[in-house]
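This document opens with one chain alone, in structure tokens, the form predicted alone.
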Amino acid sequence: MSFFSPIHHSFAPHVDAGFFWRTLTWSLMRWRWRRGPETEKLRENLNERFHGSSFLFSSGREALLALFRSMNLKPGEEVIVQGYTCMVIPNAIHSAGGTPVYVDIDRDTLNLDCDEVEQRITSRTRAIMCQHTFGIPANITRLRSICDAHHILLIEDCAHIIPDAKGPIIGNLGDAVLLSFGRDKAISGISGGAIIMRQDELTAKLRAEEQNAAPVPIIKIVQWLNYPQAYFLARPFMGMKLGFVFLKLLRILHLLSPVLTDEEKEGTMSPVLHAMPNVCAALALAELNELQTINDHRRKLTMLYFEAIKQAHIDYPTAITTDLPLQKFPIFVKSAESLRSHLKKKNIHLDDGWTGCVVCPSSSNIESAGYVPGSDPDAENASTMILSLPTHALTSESDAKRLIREVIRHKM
């Protein structure tokens, strides 16, 4: 077993030495945690990049709730989402008073099956939300046509991918674009999220939601700033399990906050919206300014994995191309859970919350999410077979080569 340098998805994937020192520096500037110029600089960057009006909140899920509130969703009105999604999506829809309608996925993209989307639209449908799962582009051109034909909103979820000058061409056809700056997203501010709106009639309502947002409690910001420092220190000891013990102790002491609370997993979302802290905006802005470098590294590993799995005849979503800056590279294997367990013994940790579930993570209450088992068979089947390979900055080329060798050896 290799005790050091774990290969992983979720041990603070953005926290290299630079990120660590940035957060350590910000930890000493409490007077700028909530307010400062970085928030408006981030807004200006997003406005220019996505050609819309940006509204900033303390998380992606809160930004989404603000959007649904601005739409004035009424009981019984529907938002189409895909099977194989995150629990925070139906939570936000329910919290705003709407109903999520799950549509099966296209296995080749892990995104909405457009034929099924058209069949599920009713007079109650207010919006379609497409996900660009793991950075694989959805068929946004067709979804745009569908929304135009039915006069409904198109929401692009770009939490997993932010395009750069090299593409792909996403994020420019939606009426609204959702961004999340969470711990393992395309870029990270530890927390934070944004809605970019292109419909004038909703911008005033979103602005009001942002202006009325409450400040994030100081204790929560402390927990967020503890996260990169704790994981940076614990990560080298994950192979000996000392790192896990250390992090568990910090959670018991409430020095770290969970990605999803127990209440959120049970289908409950607080109606209180919070403003994005300036410190989160500053961290996200720093990563946004490094986006080309971040995405080029993801492209390099995407190509490495692509060539290896093609030679080994491993199944994968065929919409993946080598020029994509994937957030992670999904493959399909019949013994995915067994393989993850085998790899964990070698200090390779591929549990990412997106396995064995249609509404993720697997500990989510799917009844509360409004999902009926068996309704999206392709999503259910794919979720049990997916094994995702990391592409983040802490995964080196040598890590990726070691990982893919282990995968191929075990599969063979």
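What you see is a predicted model; the values in this text were computed from it and never measured. Note that residue numbering begins at 1 and tracks the sequence as displayed.
There is also a form predicted in complex with a small molecule; it is not shown, and the following applies to it.
K.L.:
In the model of the complex, does every one of 78, 146 and 174 come within 4.5 Å of the small molecule, counting any heavy atom?
P.N.:
Heavy-atom distance to the small molecule in the model of the complex: none of the three under 4.5 Å.
K.L.:
With the cut-off set at 4.5 Å between non-hydrogen atoms, does residue 160 touch the small molecule in the model of the complex?
P.N.:
Close contact exists here: in the model of the complex, residue 160 approaches the small molecule to within 4.5 Å, heavy atoms only.
K.L.:
Looking in the model of the complex, any heavy atom of residue 298 within 4.5 Å of the small molecule?
P.N.:
No, residue 298 stays farther than 4.5 Å from the small molecule in the model of the complex.
K.L.:
Can you work out whether residue 180 and the small molecule are in contact in the model of the complex, taking contact to mean some heavy atom pair no more than 4.5 Å apart?
P.N.:
Residue 180 belongs to the contact set for the small molecule.
K.L.:
May I ask you to state whether residue 88 is within 4.5 Å of the small molecule in the model of the complex, using heavy atom distances?
P.N.:
Looking in the model of the complex, residue contacts with the small molecule include residue 88, since a heavy atom lies within 4.5 Å.
K.L.:
Please name which of the stretches 383-391, 369-377, 56-64, 345-353 has residues with heavy atoms lying within 4.5 Å of the small molecule in the model of the complex.
P.N.:
Flagged stretch: 56-64.
K.L.:
Looking at 109, 188, 131, 302, which has any heavy atom no more than 4.5 Å from the small molecule in the model of the complex?
P.N.:
Exactly one listed residue reaches within 4.5 Å, namely 131.
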